[in-house]
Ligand code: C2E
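Encoded as structure tokens, the following chain is the form predicted on its own, with no partner shown.
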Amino acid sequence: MPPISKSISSELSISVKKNKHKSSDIVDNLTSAPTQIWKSRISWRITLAVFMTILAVQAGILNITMNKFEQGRLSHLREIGRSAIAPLMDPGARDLLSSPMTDSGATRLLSTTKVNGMAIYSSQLDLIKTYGEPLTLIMLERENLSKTYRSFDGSSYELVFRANDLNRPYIIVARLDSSHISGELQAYVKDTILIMLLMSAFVTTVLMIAMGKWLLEPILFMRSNLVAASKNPENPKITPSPFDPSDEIGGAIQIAQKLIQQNADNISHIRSAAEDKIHKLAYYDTLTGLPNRTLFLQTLVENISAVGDGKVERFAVVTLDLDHFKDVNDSMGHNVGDAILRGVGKRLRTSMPESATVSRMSEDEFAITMPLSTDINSARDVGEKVINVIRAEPFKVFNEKFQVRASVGVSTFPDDGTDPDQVLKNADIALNRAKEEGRDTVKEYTEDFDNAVQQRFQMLRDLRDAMESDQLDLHYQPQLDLKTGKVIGAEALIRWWKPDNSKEGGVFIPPFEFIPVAEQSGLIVPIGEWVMRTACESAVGWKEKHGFDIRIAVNVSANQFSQSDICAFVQKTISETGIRPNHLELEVTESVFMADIDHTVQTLKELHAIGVELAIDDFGTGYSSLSYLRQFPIDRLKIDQSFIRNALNNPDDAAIARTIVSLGHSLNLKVIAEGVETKEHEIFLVKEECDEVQGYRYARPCPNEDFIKFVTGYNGKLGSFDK
């Protein structure tokens, strides 16, 4: 045979063998279905469900037919009894008050029939005579004529034969032997159950065979295709479907095979595209298309490494943060914010030279690194250029203009560090200083900035030590009723005495220095809880030991209000210290209220339900809306001390204080003024009908022992404070 013919013959032989193998696989799968059906969990679940359903239905039917069967047998027994009794009654009896049945006839009846006992009554329910076993049914009234009685063990059945049943003017209560009915009923139930089981088994067997042919075989075939595709998705080895694609399962198999093939075709395309996408996601920001933090740091490392080759001597690192960008997102939506971010990125990229790397580091923070040249020879020049680019003109988004401002921090390599992370960190430190000093400005890194950061970290460490070593203490400033002059409360104010090696042995750390650090670190939450517990314990002690029945006011920070379960803690503190709920007042600033109105209202309502009083501290310095104020279940407004101190010299501050008092009274709230230092302040507040006062005119914040001495020695007259 010529070589070409041999080749063709060989290929045909191989093809036939492959087709045979494929056909053999299909046959193997199909022939294994009858055995697989008994291993299939789905088949067993469906079969068991159908089997139990059939049994349940048949059991219900059996329950109904049992009652009918039993009633039928009892009816038959009744007829037997009637047929046995009626012939023995004398049709010619004239005395209706004597038994119509002879004693010999009754005896024969009881011995030869199912009747075991009977009682004969007249038509007027007069008992005439009884025979045989005693009866349970007694005819005392006509309502009993329709009753029957079946003994508990089912051995006897009592019933009433009326005159129309016997064709005689008598009523007979008969006791019949019904013991055979229980056996008949049991036999009926056994036969019925056997039929039920046979029928259920037959139906389930037919169902299993049908499922194997029409459901399991196609599912097994589809499963084998899916397993093959999962093992080798790019080149799945699947066989053609032998099932009719016009039915639901055959059509599903055909669709599945098409999807498997499409998946294999697409995987190779997806893989290459995915690799490119992953690389882009790893090194570029998806929103602006700029390099991300990872690529920026990599570029920074490369620039510093190039210094050793003599290519670059100095370069700038600039970080910038958009001022109040969160307000834009919150008020205008993220779509506007994203458009502004894209505009900022584009403007920075186009304004910087090619040698610069512009990166988006986080949500609204960007960073730039570029070599310093003769044209731009300082990092500050780069920072000034950046901030001027942002200020140049408003950003136009959706036909609206947005004037964006930025805070900028700059550092220089190698002047401010030779390590990439250090240079970037220093630029961030300068950026934070720019934000702290009013924003919309450029700050160049100096060592003083770093020292300030280190001082804050040191204060945080010292503050943690202070909590552990009980260096914190509470001072109390009295609060007085302006009308009666009585001490009605006290505000708990935290103080920190930090021991040292000085002559004095230590120094007081002002709250304005350590409270911001505590708030930034989250340490304010445990500190605030300690303050509340200690203040409540002091108030309870004043009441029990000295009879001071006054409230204690405790300041609650924004972090306490939002980050902790303050309601649960307040409830626990009240329960453990024993303070009356209305003797605890929580003072919260307006900024806390405005952070999340819904959460605020809900929390305030829960606190008010506990029974504590609520006050808005430093009222008038925030931006709260009067419409929100009406929703808050508060008890007191506290006028900020700045308005009181300047009320006598500044008409605007006086007007604000006057308005707050009027507003509070119109809302049925008490108003307390803090910062009262002079008699003139007091006279002004009395004239404006302010309710309560607090300030240096009456007492400075003092330790617990001094506060007790003040209240004990106070005569209750405001005039006693006059110098």
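All values reported here derive from a predicted model rather than from experimental measurement. Residue numbers here begin at 1 and follow the sequence given.
Below, we turn to the form predicted together with the named molecule, even though it does not appear here.
*Asks:* If we define contact as a non-hydrogen atom of the residue within 4.5 angstroms of the partner, is Pro233 a contact of the named molecule in the model of the complex?
*Replies:* Contact with the named molecule, no.
*Asks:* Is there a non-hydrogen atom of Met211 within 4.5 angstroms of a non-hydrogen atom of the named molecule in the model of the complex?
*Replies:* No.
*Asks:* Closest heavy atom of Trp44 to the named molecule in the model of the complex, within 4.5 Å or not?
*Replies:* Close contact is absent here: in the model of the complex, Trp44 is far from the named molecule, nothing within 4.5 Å, heavy atoms only.
*Asks:* Can you work out whether Gly664 and the named molecule are in contact in the model of the complex, taking contact to mean some heavy atom pair no more than 4.5 Å apart?
*Replies:* Gly664: no, not in contact with the named molecule in the model of the complex.
*Asks:* Pick from Arg391, Arg495, Arg456, Arg580: which has a non-hydrogen atom within 4.5 Å of the named molecule in the model of the complex?
*Replies:* Result of the distance check: Arg495.
*Asks:* Using a 4.5 Å heavy atom cut-off, which residue among Asp364, Glu217, Glu587, Glu537 comes into contact with the named molecule in the model of the complex?
*Replies:* Of the listed residues, the single hit is Glu587.
*Asks:* Spot the stretch among 553-561, 164-172, 280-288, 649-657 with residues whose non-hydrogen atoms come within 4.5 Å of the named molecule in the model of the complex.
*Replies:* Of the options given, it is 553-561.
*Asks:* Go through 697-718 residue by residue and record those having a heavy atom within 4.5 Å of the named molecule in the model of the complex; state none if no residue qualifies.
*Replies:* The one in contact is Pro701.
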